[in-house]
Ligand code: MUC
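Just the one chain here, the form predicted alone, laid out as structure tokens.
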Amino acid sequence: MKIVSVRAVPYAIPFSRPLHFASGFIDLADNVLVQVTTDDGVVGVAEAPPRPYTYGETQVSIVGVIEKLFAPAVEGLTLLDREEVRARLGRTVGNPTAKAAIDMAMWDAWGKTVGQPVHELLGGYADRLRVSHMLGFEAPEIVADQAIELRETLGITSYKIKVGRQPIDLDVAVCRAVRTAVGDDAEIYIDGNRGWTAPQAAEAVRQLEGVGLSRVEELCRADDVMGRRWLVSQCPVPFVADESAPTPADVTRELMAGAATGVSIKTARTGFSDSLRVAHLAEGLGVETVIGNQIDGQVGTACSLAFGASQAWTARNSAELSNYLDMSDDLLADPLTIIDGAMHVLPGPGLGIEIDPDKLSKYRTDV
């Protein structure tokens, strides 16, 4: 199980439906496929999606830090040396998705080596997750139609609505339109991507009282320390930390300071090893968790699915697993499926996925 190589393969797949939100937009999945190969010939894979407007990582920086720093630090260790790998990569500040992808590729390779699904190795709690879909900036009627289409074609009844525009009336109108379209039984929650001030966010939440939000996420700036505490103190639903809490230490700080009452776990950001730390911390403190989406492709979505379904605490809520639907294509030989609003865990060893070599050859950008 000794690691003999760590490779970073950049690729680019256009989105058929670009996603716009308060901190940016995405119309191209310029991601990085990370491959960890062992001396037994096993290849573990994961995906690193750069989000420069949030974490400062780009496709070029992810490939560079893996090739120049992280691969030499990891090669020669074994798949079971996860804590040593974490310590070595932790010497470099930042680069969360590059670190997370290496961690998850190691777990995938371990599962393939022992013939067990990663989902089972992590905990194996549930066999499926309810799916939530993110809806981006559009006119109210367009967003409402998208929600109806997702319900009618895939059975999805949980929706994260991107907000944070100014004036706030734009987003309030969207939320009301979606609620009217999908009825009272659907779940609706909002994500501001730090687009509003704390007073604007408080006013938006007040106007949305009748919509029936299940939670809100990152409505104001992550560094507005007093504003966030003030906002959370009067928020009637869970206030989820996302970009403000990218590490277990950040999660502890935000929760203990009263700046959040819930946590978004993104495996693209914390891998499996640190996601376990966050989930256990949240369970110990009794705060809600949601499996978030870093606008992952299907490789990253398979990682989120494996982790989210493995823990009782993370399997309780709907998980953001479906935004790969907005991409024009993907790398998997067998695409993921959503049936009756849920995604079932994959039964094969490791992550249970296989990269289509022809698709990788078509979309990679380093050749």
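In this text, residue numbers run from 1 along the sequence as written. Given the structure is predicted, the values throughout are model-derived calculations rather than measurements.
Just so it is clear, the following notes concern the form predicted in complex with the named molecule, a form of the same protein that is not shown.
The partner is not drawn, yet in the predicted bound form one stretch among 294-302, 327-335, 60-68, 310-318 has residues with heavy atoms inside 4.5 Å of the named molecule: 294-302. When the named molecule is considered in the predicted bound form, only one residue from Asp274, Glu243, Glu187, Glu288 comes within 4.5 Å through any heavy atom, namely Glu243. A single residue from the set His133, Lys266, Arg228, Lys99 has any heavy atom within 4.5 angstroms of the named molecule in the predicted bound form; that residue is Lys266. Taking the partner from elsewhere, Thr54 is found to have a heavy atom lying within 4.5 Å of the named molecule in the predicted bound form. Residue contact with the named molecule in the predicted bound form: Tyr11 places no heavy atom within 4.5 Å of it. Among residues of the shown chain, Glu217 is one whose heavy atoms approach the named molecule to within 4.5 Å in the predicted bound form. Contact annotation: Asn95 falls outside 4.5 Å of the named molecule in the predicted bound form, judged by heavy atom distances. Along 149-166, residues Lys160, Lys162 each place a heavy atom within 4.5 Å of the named molecule in the predicted bound form.
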